[in-house]
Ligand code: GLU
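Shown next as structure tokens: one chain only, the form predicted alone.
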């Protein structure tokens, strides 16, 4: 039996010849690094569900993972029940692109809802002189660890700006390691696709080495936006990082964090979790600054896999189907 497969555990206790049975379903939510937004997102959802564990018969736990690609694969293999994944990775997996090109379309992948926007964020040491993406040529750059969503984002941005991987000195470490490497002067810059404000970026901007958050814009980036519908313009508020050298908000592009599951996952479980989040959206929004602008409508945008039937059941009841791309309703 796989470690995190759904478990229906019957606890049988015999006391003085009487047997009482209790049933509970355990689900695990795959997130990301503990300093990113994925981990508190999974934690927020699990806490909301666990408050009503007796009502739903569900106990949720959170697992820190390598990120989007890992979560999607683990959800599809049954090692996780739910995962947080970037919207572009959801698209690529369902359509059999990028890491899934050899496996083909992952047609059992299902979308549940989207969450916060995630900006592709480029942090550079001020002394490096990097003012735009083209300025990364010849620099030591962390582009993201294998299995993370940001790795492909980094490659897309570099290619759009005309910077080949051969033109940089690429590192592929986890985002949690990058601020330390930058402050230790072992790299000049790093990419991180994340919701804001973010602890890793606060760390990177608060050390001895002065840093700049570099805009991601230009003609090549405009072409990238037209080519891939899952990318959209984004703005990073400078007020979140007062120790950076930036004086104004930073223009970038980004994706959305999405909540995904497998079509094989029990409809009642997905229904319960969807209902708990949407029925208590105002409470959910208070759990992290990145959720501040969430609405029921925008939580149904940026999805590219069919909606799980358990989530659809709730959206029909709540009158929210009008906000969903009809192509995703099966």
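Numbering follows the first chain given and starts at 1. Keep in mind it's a predicted model, so treat the numbers as computed, not measured.
As for the form predicted in complex with the ligand, it is not shown, yet the points below apply to it.
- Contact here is defined as any heavy atom lying within 4.5 Å of the ligand in the model of the complex, and by that definition each of 33, 37 and 68 is a contact residue.
- Shown alone here, residue 142 lies farther than 4.5 Å from the ligand in the model of the complex, counting heavy atoms only.
- Not displayed here, the ligand is approached by residue 194 to within 4.5 Å at the level of heavy atoms in the model of the complex.
- Contact check for residue 83: every heavy atom lies farther than 4.5 Å from the ligand in the model of the complex.
- In the model of the complex, at least one heavy atom of residue 148 sits within 4.5 Å of the ligand.
- Contact with the ligand in the model of the complex, judged as any non-hydrogen atom within 4.5 angstroms, is confined among 148-156, 122-130, 201-209, 242-250 to 148-156.
- Using a 4.5 Å cut-off on any heavy atom, the one residue of 104-127 that reaches the ligand in the model of the complex is 118.
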